[in-house]
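Subsequent text provides structure tokens for two forms of one protein chain, presented individually as structure 1 and structure 2.
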Structure 1
């Protein structure tokens, strides 16, 4: 849905986008380099010279502590602050939903503009009704000064403090490397003790945010036979759909509590519901985490079926850890995002892909999945899968994997961490 700025105003009308911008955001890990911040500051200096500020909240997240310190030293930070920007700590920040939106009283449709690299529904603030339009740092500054999505800095005027009209000029060329070099952060790394054998980590047993991480159980050596399907994910299913961020991140140190968000954003191909599926024990439609907890109580392992590029997005391991914690045995997809595939392997979940992608269509809601001959799992050897249908019929299919010998040991030991602990 990319478009030049010249077409955006027409789309605001034809697509019924919300024209007033509620917040403008620059930074996080993307579009937040020294060069990016310098271009943004170039436009900020133009606005400052005309005596105007951003018409809406403008939040800036430097890409690193090194970038933050360097733009503070070289003046870009002051230029941005002078037009009303708030400079945040260098972290994921609003990109991953780590911010408050007090101006949203309800879940009303609203527009934000950002330089982030992801803008699917619910990504940046947990509200699927928030529309996120992505642009360059200088374009986001311009839109913050204009205050509306329909503002086109190439042809539209701004009003200076003295009432005169002016247009923004393109940003001045910005260096990739500052003339004085980058600031070197100091005092931000705390080295571990020389001898940690006698160190006791004390955790409040009543804490809602911290929980001791216990090792996952090793594989019992048995095939996974007749296990139920938790979800057949439809379309895009990113790490944020599997383990949403935002307010949930306050629980990232407590695996049990965090697991309540498992698959909360996944679209279920069986019913088109978001975050809900059929509980084969009760027959009810319930949240995936609630179903998984009941399966776990009954010592039932289960499987996730995924679409193309399942698990794309961040490197967040929670998207693999929470399914593993609640009993996921395998993830079977048309294709897997590379980093998430590795994370699944590290947590002891079988990461598998259909040899024939069309086999995805054979999976029905009440099917049971069997993964066989796992004791003889080898690199480049396909895994045999039996799909048992409710009517008694069966389909035998083959599944691919990319495990090497060391990664197969991760699976057998229950996780990569278990392997390391035993060495």
Structure 2
């Protein structure tokens, strides 16, 4: 939600926000233009003229080397440094959570103010109790000078070095581009060579972060018969539950190592545990990736049962690739999020939905699932599924799919990439 600065002070009291600001951050891809930095500098210069500095740490993330070099040349950087600013790298850093804050030992509630674009819990520093308030660069500089969230630069006074009171003026109208043009940094871009026949792509076979992909095996033409259920996901199961980010971010180029996070956040309807299910070989409750690895060793395929809008969230294909890599044959849900559905299809996992959503309730932990007549799979034709219960009884149900002819080939070939490569 947004609010005018005039109402922020009241909200600090009524909503129990932490009033002292711990850090102010400006810049990022969203707000580090020449105009932004000039307006921010205009406020910094007012403070300097009165002999004061920012009351709290002030961090600046230039959006590019071009903008960093230009504001260094034209003086905005010095104006900001004069009030105590620290300049970070020209990179995402605190805006995406790449920010170490060792001073926050106990995850205590604290307030930061930024010009970034996102402010959900944990986004910037990994601490869910950090509150991030987003504003324009000039407003964030004003708040850094005031030091607290309830400071309203339109109304409240600051105290100059000589003890006199003063109010900040609105930022001076700023040029949108530098009169002298932008600096042209060199040595930061590499164009590809004209002939790349002799170029080798560098991947260390022993790397823990990068792994060459192997094509997924094509479908063997046989129906999936009596295969086990890895998880029956209950409630929300987003791509972040299926393939969490955070510390796993560094493994996005290593499918095998990344697969250890598979379904770590999924709530299992069979036992209400998060990230764990029953291994049908050992009978033990184990993490999903551990179970899947054992099934894979034994050449066993398996299915995921999902609730409503399974796979909502980001478009990250890893949420389809890690299950595929560990042997998932099909995802059967009440409904599928659109992008994840396509990603499943492309990676060669059958993406299916219950024709009767209540069939979700028929599925029990020790059941086995059969998906039949797949050789005759066609657009707009339902897939036959048999649920075999532990007591020997069976339920036959029908599953919907949204595959067109070309997409059915993705499944049969093992993946969309296999189709592309075989062309």
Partner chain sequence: MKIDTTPELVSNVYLKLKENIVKYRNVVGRPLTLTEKILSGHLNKIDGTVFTGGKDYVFLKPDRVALQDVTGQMVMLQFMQAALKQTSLPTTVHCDHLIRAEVQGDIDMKVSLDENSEVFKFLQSACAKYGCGFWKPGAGIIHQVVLENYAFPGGLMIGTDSHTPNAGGLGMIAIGVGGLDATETMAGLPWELLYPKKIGVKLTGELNGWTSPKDIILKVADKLTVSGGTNAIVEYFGSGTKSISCTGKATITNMGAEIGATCSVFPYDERMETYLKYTNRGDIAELANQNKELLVADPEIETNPEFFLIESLKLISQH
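Between two forms, the rigid core is defined as the largest C-alpha subset superposing within 1.5 Å. Nothing here was measured: the structure is a model prediction, and the numbers come from that model. Numbering follows the first chain given and starts at 1.
Enquirer: Please state whether structure 1 or structure 2 is the form predicted together with the partner chain.
Expert: The chain shown second - structure 2 - is the form that fits the description.
Enquirer: Which single entry of 163, 191, 298, 205 lies at the hinge between rigid parts that turn between structure 1 and structure 2?
Expert: That leaves 191 as the hinge residue.
Enquirer: Angle of the smaller rigid domain relative to the larger one between structure 1 and structure 2, in °, please.
Expert: Interdomain rotation between structure 1 and structure 2, rounded to whole degrees: 17 degrees.
Enquirer: Keeping the rigid core fixed, work out how far the Cα of residue 97 travels between structure 1 and structure 2, to one decimal in Å.
Expert: Displacement of the C-alpha, rigid core superposed: 5.4 Å.
Enquirer: Keeping the rigid core superposed, can you check how far the CA atom of residue 200 moves between structure 1 and structure 2, in angstrom?
Expert: Core-aligned C-alpha shift comes out at 2.6 Å.
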